[in-house]
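Before any questions on how it binds or moves, here is one chain, the form predicted alone, in structure tokens.
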């Protein structure tokens, strides 16, 4: 096997993994704090894609700058969804959360179709067609920028969670809600914040989806959401490092399968890996044994 081909598969896998990492990290952050299952998480990626595309087409601002506006918009939307939808049913059972999130999928999809239409769309990045050398490879500049932006967002999230008072309170609420309440942490505020930040990370993934040249429509969020759930189960529920490692493994596995086995195996091979990991270690790669 040519080493250049292996490097190309690895590079493209890391690029694809960046979008999965942001989506899965947001989902894991919400689950870690609120312990809710939100199957509508992919719809926030879709909204982020449309917000970025709309602002870019009307303003001409660089889409890598628009990502900040898209994330801020989804923080607000996420806060509203948490207050109006998930807050009233929190703790009432997983079935309520599942059916609510399924209902949200259809509501958000149809609202997006009414606003933007249901045709497949795409946006041309200002850096489309520009390539740069990376070692022995020549790769699209957009893919390199996507990796850098993803790393910057993850570093910012790490600093927020570990170096700020609010971040430490959020981690405390994630580890023990009752204990956090006893020491004065406003867990309801942490719920709103975690849901909003989780949606913002999905919006970032949607923005990167757009600038990478992928097509999108109001119904495109479902498959990425399923993959995000597979990633967080693979990495360990509630584990952000697990989401990062799982996203990278998922991206590399997809691209490797597409090259060696054909495109029909692109989605299936990742779930084969998931099944093997769960059989060997049911709590995932970074989950604690005995949970």
Partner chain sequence: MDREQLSRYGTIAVIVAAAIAPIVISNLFLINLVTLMLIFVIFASAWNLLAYSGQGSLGHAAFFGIGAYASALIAGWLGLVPILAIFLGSGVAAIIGVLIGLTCVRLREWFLAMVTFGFAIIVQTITVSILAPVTGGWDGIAAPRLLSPSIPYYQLIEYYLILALTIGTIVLIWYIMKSKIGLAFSAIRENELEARASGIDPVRYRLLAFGMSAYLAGMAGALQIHHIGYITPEIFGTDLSFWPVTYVIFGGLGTLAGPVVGTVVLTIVWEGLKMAGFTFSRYVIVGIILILVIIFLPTGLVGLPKRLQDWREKRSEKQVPGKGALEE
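Take the two forms, find the largest set of C-alpha atoms that superpose within 1.5 Å, and that set is the rigid core. Treat the numbers as computed from the prediction; the structure is a model and nothing was measured. Numbering follows the first chain given and starts at 1.
Although not depicted, the form predicted together with the partner chain is the subject of the following passage.
Contact check for 50, 72 and 179: none of the three has a heavy atom within 4.5 Å of the partner chain in the model of the complex. Picking from 139-147, 163-171, 196-204, 108-116 the stretch near the partner chain in the model of the complex, with a 4.5 Å limit on heavy atoms, gives 108-116.
Taking the partner from the other structure, the partner chain in the model of the complex has no heavy atom within 4.5 Å of any heavy atom of residue 57. Shown alone here, residue 213 lies farther than 4.5 Å from the partner chain in the model of the complex, counting heavy atoms only.
Heavy atoms of residue 229 reach within 4.5 Å of the partner chain in the model of the complex, making it an interface residue. Interface residue remark: residue 120 is not counted as part of the site for the partner chain in the model of the complex, having no heavy atom within 4.5 Å.
37 is the sole member of 66, 248, 37, 258 with a non-hydrogen atom lying within 4.5 angstroms of the partner chain in the model of the complex.
The partner is absent here; in the model of the complex, the one residue of 79, 154, 187, 85 having a heavy atom within 4.5 Å of the partner chain is 85. With contact defined as any non-hydrogen atom lying within 4.5 angstroms of the partner chain in the model of the complex, the contacting residues in 91-109 are 94, 95, 96, 97, 98, 99, 100, 102, 103, 104, 105, 106, 107, given in sequence order. After superposing the rigid core, the Cα of residue 273 is displaced by 2 Å or more between the shown form and the other one.
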